[in-house]
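As structure tokens, one chain now follows by itself in the form predicted on its own.
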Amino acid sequence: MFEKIQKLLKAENIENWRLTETVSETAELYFIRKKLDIPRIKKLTQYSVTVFRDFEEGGKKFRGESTALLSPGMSDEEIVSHLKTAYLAASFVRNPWYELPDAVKEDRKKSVSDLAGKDIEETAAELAKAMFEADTAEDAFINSAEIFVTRRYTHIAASNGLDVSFDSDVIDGELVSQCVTPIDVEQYRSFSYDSLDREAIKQKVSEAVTDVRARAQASEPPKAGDYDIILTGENLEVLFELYAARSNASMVFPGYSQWKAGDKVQGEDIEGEKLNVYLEPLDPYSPEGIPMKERCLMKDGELKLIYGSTRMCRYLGIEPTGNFEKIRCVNGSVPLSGMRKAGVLELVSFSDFQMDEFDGHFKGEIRLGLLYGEDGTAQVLTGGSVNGSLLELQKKLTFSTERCEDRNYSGPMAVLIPGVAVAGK
């Protein structure tokens, strides 16, 4: 099928194209409490063809593009019909002309994960066992859970001779924790790993059970005012989206971000920790076939990189790097216990925690908060909301020595942010 599509592209005189074949096999486990409800194996093969069409209008050169999705069961006539439709659609896309990615031809890269070579059903069962080893309480427990272990083969080829392929393995899932007394409440969490990290999933379950039990005890919001707040876990990943987004060529080229390499984006006279942030690839090649490698995004608060897709980087006259999905932050100077001082509000979970990449504001409705007192105990709160500008507060950040690891984020488990507005009673 891969070779057939290339022949049909040539027969239709489509000169510039990129073809991606994705073959995946996923072991899926669905649990109700600790009982396995549905086990399933899913196999899927897909083909994605991006066609490029060059044309001129008013003395300006354009390179339009469009993508067709194909499946193995299609006839030649169906494939050609989809290719023709995509090629026609590309003629209406007026992207200024740019050079396509450089041709790379390399041998297939094997997965470096410890999941490689292991039976995906056995891996899913092992993860489930570890998950429920941490689910031991009666009043708070895992109500339902889903586990997905996927083995994927990706092959990318292009008309200029690009030809790369690689294997990858990933674990994804989600769980819902529940506490039934004094009120019945539930909370949702997701997880993603590229290795069989039993301890990480145990910690995830333990935190989920502890937090939902605390949530069941909470009945009132915090008093409105400014607080020194602690954010933990996946909320830090949301915060760091600001730096990843505003340094992406897709925001820099159209002028949504004015950042450039060399800017002190964390500001002058930093009172807290100077940010040291890296971008890490999840795969050896980007969807365009660009070889991926770790890149330094920020060093001591200074931006070191503008990155992104080929088109946007070409427009800016910089090296195309591909887009990254994982952030690694190496900061961390204070134990989490040292952050939990009187008057500090730890925001454990939200209905929906968001970062506005355009104005730098983070916000969310509080589902569970812990307000620490002079005696070290914490008042359990729920309700109200938080709203702060990371661009204004980033000079005073303090990160925990404890770390959090998942597929998309590697960094401190917690951050202390002073003087954040909290709406409450």
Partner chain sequence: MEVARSNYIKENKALFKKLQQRLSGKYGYASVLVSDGRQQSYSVSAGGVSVSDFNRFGKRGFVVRVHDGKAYAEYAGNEISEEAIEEIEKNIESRLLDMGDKWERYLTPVACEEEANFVKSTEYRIHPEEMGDEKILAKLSEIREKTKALDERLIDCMASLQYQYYNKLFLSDKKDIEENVLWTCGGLVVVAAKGQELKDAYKGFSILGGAELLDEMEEYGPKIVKNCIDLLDSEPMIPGEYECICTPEVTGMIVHEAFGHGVEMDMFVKDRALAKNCMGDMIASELVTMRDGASSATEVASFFFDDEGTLAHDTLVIDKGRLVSGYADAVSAARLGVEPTGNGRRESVERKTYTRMTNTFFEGGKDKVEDMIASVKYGMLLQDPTSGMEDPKNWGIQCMVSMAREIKDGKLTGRIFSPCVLTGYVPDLLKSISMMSETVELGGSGACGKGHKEWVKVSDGGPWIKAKIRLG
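Rigid core (definition): largest C-alpha set, two forms, superposition within 1.5 Å. Note that the coordinates shown come from a computational prediction; the quantities given were computed from them, not determined experimentally. Numbering follows the first chain given and starts at 1.
This next part talks about the form predicted together with its partner chain, which is not shown.
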item: Answer range among 101 to 109, 158 to 166, 296 to 304, 69 to 77 for contact with its partner chain, defined in the predicted complex as heavy atoms within 4.5 Å; value: 69 to 77
item: Residues 36, 311 and 364 all lining its partner chain in the predicted complex, heavy atom within 4.5 Å; value: yes
item: Contacting member of 285, 132, 153, 278, with respect to its partner chain in the predicted complex [4.5 Å, heavy atom]; value: 132
item: Heavy atom within 4.5 Å of its partner chain in the predicted complex - residue from 115, 344, 238, 128; value: 128
item: Touches its partner chain in the predicted complex: residue 372 (any heavy atom, 4.5 Å); value: no
item: 4.5 Å heavy atom contact, residue 262 and its partner chain in the predicted complex; value: no
item: 4.5 Å heavy atom contact, residue 387 and its partner chain in the predicted complex; value: yes
item: 4.5 Å heavy atom contact, residue 27 to its partner chain in the predicted complex; value: yes
item: Contacts with its partner chain in the predicted complex, stretch 143 to 172 (heavy atom within 4.5 Å); value: 143, 144, 146, 148
item: Exceeds or equals 2 Å, Cα of residue 37 between this form and the one not shown, core fit; value: yes
item: Core-aligned C-alpha movement of residue 374 between this form and the one not shown, 2 Å or more; value: no
